[in-house]
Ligand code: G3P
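We begin with a single chain expressed as structure tokens, specifically the form predicted on its own.
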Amino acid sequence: MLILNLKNYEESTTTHLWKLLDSLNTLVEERPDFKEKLLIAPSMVFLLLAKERYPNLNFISQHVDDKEQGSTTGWTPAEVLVSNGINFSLINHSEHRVLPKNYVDELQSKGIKVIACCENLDEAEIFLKSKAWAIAYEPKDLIGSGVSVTNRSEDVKKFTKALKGKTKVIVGAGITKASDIKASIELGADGVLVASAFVKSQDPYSKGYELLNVFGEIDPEK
């Protein structure tokens, strides 16, 4: 599983976003097996428009709040996402923290699958108790660094071993190329989170293919 967090970069908003999504849409058209391996989290401003324009791609929310649909100005309720066909969301990204509060149970009861980002195993254990659909390990100091989390192989192995079989395990931070993804999977991960390596690529089609093709090579049925 490849989760592309497009964040709010200049390169992934306004008209630049469509260039990125055009490349991914072409990849999925050419390789239908890529579709179920790819989840895309565009800027919240463009999420529903992107879903409408690219029905062949799987979009997720960058965040979801523990607020009810109704008079909750400025929040993103799970019901609003689900009713518009968005069934997955990141939560607790290092750039949008929600801990110590944990409301995964409540969110998932409303039909949205939560991918909870964690900076360490202690945080992961909190989200594991509420049965998050997936838990992602992203050391804050490596995000956007270009230094892959897999360089801390013992930490990654400890994280994946503790969660394996209990939830889907994702790793991220500093992942930029196919070899980083292969190393992540060898260390026990089910998928990876990637942001700037794709968003800021000069050739998003080639970078997307490079990253997605790893999963086909390792397990064509996954």
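All residue numbers refer to positions in the sequence shown, first residue = 1. The structure displayed is predicted, hence computed values, not measured ones.
Quick note: we don't show the form predicted together with SN-glycerol-3-phosphate (G3P), though the next part is all about it.
A heavy atom within 4.5 Å of SN-glycerol-3-phosphate (G3P) in the model of the complex is found for exactly one of 98, 142, 80, 121: 142. This chain appears without its partner; in the model of the complex, the one residue of 43, 58, 196, 167 with a heavy atom within 4.5 Å of SN-glycerol-3-phosphate (G3P) is 196. In short, of 125 to 133, 142 to 150, 72 to 80, 104 to 112 it is 142 to 150 that has heavy atoms within 4.5 Å of SN-glycerol-3-phosphate (G3P) in the model of the complex. At the 4.5 Å threshold, heavy atoms of residue 18 stay clear of SN-glycerol-3-phosphate (G3P) in the model of the complex, well away from it. Heavy atoms of residue 191 never reach within 4.5 Å of SN-glycerol-3-phosphate (G3P) in the model of the complex, leaving it off the interface. The closest heavy atom approach of residue 64 to SN-glycerol-3-phosphate (G3P) in the model of the complex falls outside 4.5 Å. Taking the partner from elsewhere, residue 205 is found to have every heavy atom lying beyond 4.5 Å of SN-glycerol-3-phosphate (G3P) in the model of the complex. Residues 173, 174, 175 of 171 to 191 are found to place at least one heavy atom within 4.5 Å of SN-glycerol-3-phosphate (G3P) in the model of the complex.
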